[in-house]
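What follows is a single chain, given as structure tokens, in the form predicted on its own.
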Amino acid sequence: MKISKILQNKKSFSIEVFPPKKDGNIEQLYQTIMDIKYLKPDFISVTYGAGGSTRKNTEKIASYIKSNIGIEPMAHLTCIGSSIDELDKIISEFKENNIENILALRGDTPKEGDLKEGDFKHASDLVKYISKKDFCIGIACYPEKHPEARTLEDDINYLKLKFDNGASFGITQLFFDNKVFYNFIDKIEKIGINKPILAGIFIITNYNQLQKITEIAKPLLPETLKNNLEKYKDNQEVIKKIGIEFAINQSLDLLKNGVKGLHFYIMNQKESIIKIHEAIKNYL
């Protein structure tokens, strides 16, 4: 089923997983997804490594989720460094595996070195190309602007271009201040963007991991949260409790204020999302 159809009828609840670096750990990921199947996520997105480094496993995992677990998958697809022929091959493989939903992204350059020149430079170009291929297309959006954007207004204008080129919905990058999200929604509505925007929720479980992620995405951390995390940064169990409690409160506030859906970055872990879902399920 296309995610755009799901979003017509309800507030969505979804999660993101990533292909493990070691192929042998894929079975462990499958078990994790099976263990949270009863939460009934509307879809599960599967990430795509820098430069397509995990492409085969992205396809494999998305196909398994659909065929063996019975949950709708959304496969990430990046275009940087890819030719039209390469993308056509991937798209054909998606269709063969009954994958109907794609998150269209520009992608990041792998750390190993520069990529060859591809046929697409921007996510908007990829969206326009695959919009003719009968997929439901999701896109990324940035409540605090993309790190490479000059201003939030410039980034929102680019977001509109992606929607104009055929995207059906957006999923935000992680954020921790809901006021930032509400301000973002107000701004995009004022320029005529009326497609569903799902709030991307990152579950804090590890202080060092959070530090690495925030160095890249640079989200604003509320002062109270920041102080609590720094205070207990050496106590893993307390950090997990803080992260779960914060995600619950953040999610409840968003749901009570009309968010179209919540998309959780669970980092391939099940314990936290199980506790969070129990606390918010009556509001979905």
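Small disclaimer: the values here were computed from a predicted structure and weren't measured. Note that residue numbering begins at 1 and tracks the sequence as displayed.
There is also a form predicted together with ligand FAD; it is not shown, and the following applies to it.
Using a 4.5 Å cutoff between non-hydrogen atoms, I99 does not count as a contact of ligand FAD in the model of the complex.
When ligand FAD is considered in the model of the complex, D108 lines it closely, a heavy atom lying within 4.5 Å. Among heavy atoms of H146, some come within 4.5 Å of ligand FAD in the model of the complex.
Contact between D155 and ligand FAD in the model of the complex is found at the 4.5 Å heavy atom cutoff. Every residue of the trio S124, Y142 and L161 has some heavy atom no more than 4.5 Å from ligand FAD in the model of the complex. Comment: 73 to 81 is the region of 207 to 215, 187 to 195, 87 to 95, 73 to 81 lying near ligand FAD in the model of the complex, near meaning a non-hydrogen atom within 4.5 Å.
This chain is displayed alone, yet in the model of the complex one of N57, T47, S63, N228 has a heavy atom within 4.5 Å of ligand FAD; that residue is T47. The contact residue chosen from Q173, S131, N178, S168 relative to ligand FAD in the model of the complex is Q173, the criterion being a non-hydrogen atom within 4.5 angstroms.
With contact defined as any non-hydrogen atom lying within 4.5 angstroms of ligand FAD in the model of the complex, Y265 is the only contacting residue in 261 to 276.
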